[in-house]
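Below you'll find only one chain, the form predicted on its own, shown as structure tokens.
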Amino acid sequence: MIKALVVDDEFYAREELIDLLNGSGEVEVIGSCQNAIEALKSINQLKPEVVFLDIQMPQITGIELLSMLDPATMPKVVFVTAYDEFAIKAFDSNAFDYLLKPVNIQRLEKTIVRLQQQRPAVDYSPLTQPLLELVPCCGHQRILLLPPDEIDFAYSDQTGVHIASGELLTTTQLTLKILAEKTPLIYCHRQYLIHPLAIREIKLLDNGLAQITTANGGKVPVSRRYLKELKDRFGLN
């Protein structure tokens, strides 16, 4: 059985696709989401083999969600979309799998057969964004969409990845790797990223270590590995 996640902001479209997939006898729907932020968390937690992903969703689109996933661990993706000539041409030219709404059962069966075949990993980079416009965060019973330039620093610990923005401390489902690749944040420590514009002081400590003070008074460690890179960046050597 193929383990699948269904992501669509339209309730009836989502439920109809779930029914079709469960009725196929070949797919087990292990979860469903009504937006990209829920989907990001579910993909990380449930690790589906395939995601049936709606393209047009509010706040964060399906394509933007795709840009937030690590290509090394990304599941297979089947795009679900209302007819859009430009999008269909893009999918066809890059051999991306897609379904048109309303989903046709015969077309879905062909998609399932393709999913069962051992095909090479698909390169989704032609669709993804090189930089993220918004970083999805959650905390205090609310969802936040932060522009990357409002982030002072990010760090990871056993409970997840945390974002500091001014006096705000929140969490995100994005990895440090994705934040480093797709935002202005840079590594200053194996578990810390810093926004260069947030740096106000770099205090040198013993044993080749250092500590950054941010414009908002935050304290961020700098490891020996990244201290030279920081010095080079600011012409301090």
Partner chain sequence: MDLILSLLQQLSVYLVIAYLLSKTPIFMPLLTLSGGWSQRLLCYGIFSIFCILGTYLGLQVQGAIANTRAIGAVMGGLIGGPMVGFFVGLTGGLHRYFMGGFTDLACMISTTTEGLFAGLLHAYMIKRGQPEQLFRPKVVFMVMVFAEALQMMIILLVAQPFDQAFVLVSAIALPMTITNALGGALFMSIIEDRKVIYENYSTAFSNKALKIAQRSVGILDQGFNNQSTSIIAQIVYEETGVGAVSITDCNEILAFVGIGADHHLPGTPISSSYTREAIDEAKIIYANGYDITYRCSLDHNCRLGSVLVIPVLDGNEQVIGTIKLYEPKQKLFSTINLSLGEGIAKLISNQVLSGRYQVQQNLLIQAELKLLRAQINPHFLFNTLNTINAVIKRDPDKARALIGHLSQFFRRNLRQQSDTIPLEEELEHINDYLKIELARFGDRLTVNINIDPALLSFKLPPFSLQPLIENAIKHGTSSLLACGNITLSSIIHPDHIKLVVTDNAGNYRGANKATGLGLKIVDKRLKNRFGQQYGLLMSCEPQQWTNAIISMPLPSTIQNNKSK
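Just so we're clear, the structure is a prediction, and the values are computed from it rather than from any experiment. Numbering follows the first chain given and starts at 1.
Not pictured, yet referred to below: the form predicted together with the partner chain.
Heavy atoms within 4.5 Å of the partner chain in the predicted complex belong, among the stretches 24 to 32, 184 to 192, 56 to 64, 198 to 206, to residues of 56 to 64. Of the heavy atoms in residue 143, some are within 4.5 Å of the partner chain in the predicted complex. The closest heavy atom approach of residue 147 to the partner chain in the predicted complex falls outside 4.5 Å. In the predicted complex, at least one heavy atom of residue 37 sits within 4.5 Å of the partner chain. Within 4.5 Å of any heavy atom of the partner chain in the predicted complex lies no heavy atom of residue 113.
None of 102, 139, 160, 166 but one reaches within 4.5 angstroms of the partner chain in the predicted complex through a heavy atom, and that residue is 102. Taking the partner chain as it sits in the predicted complex, the stretch 11 to 38 comes within 4.5 angstroms of it through a non-hydrogen atom at 11, 12, 13, 14, 15, 16, 19, 34, 35, 37.
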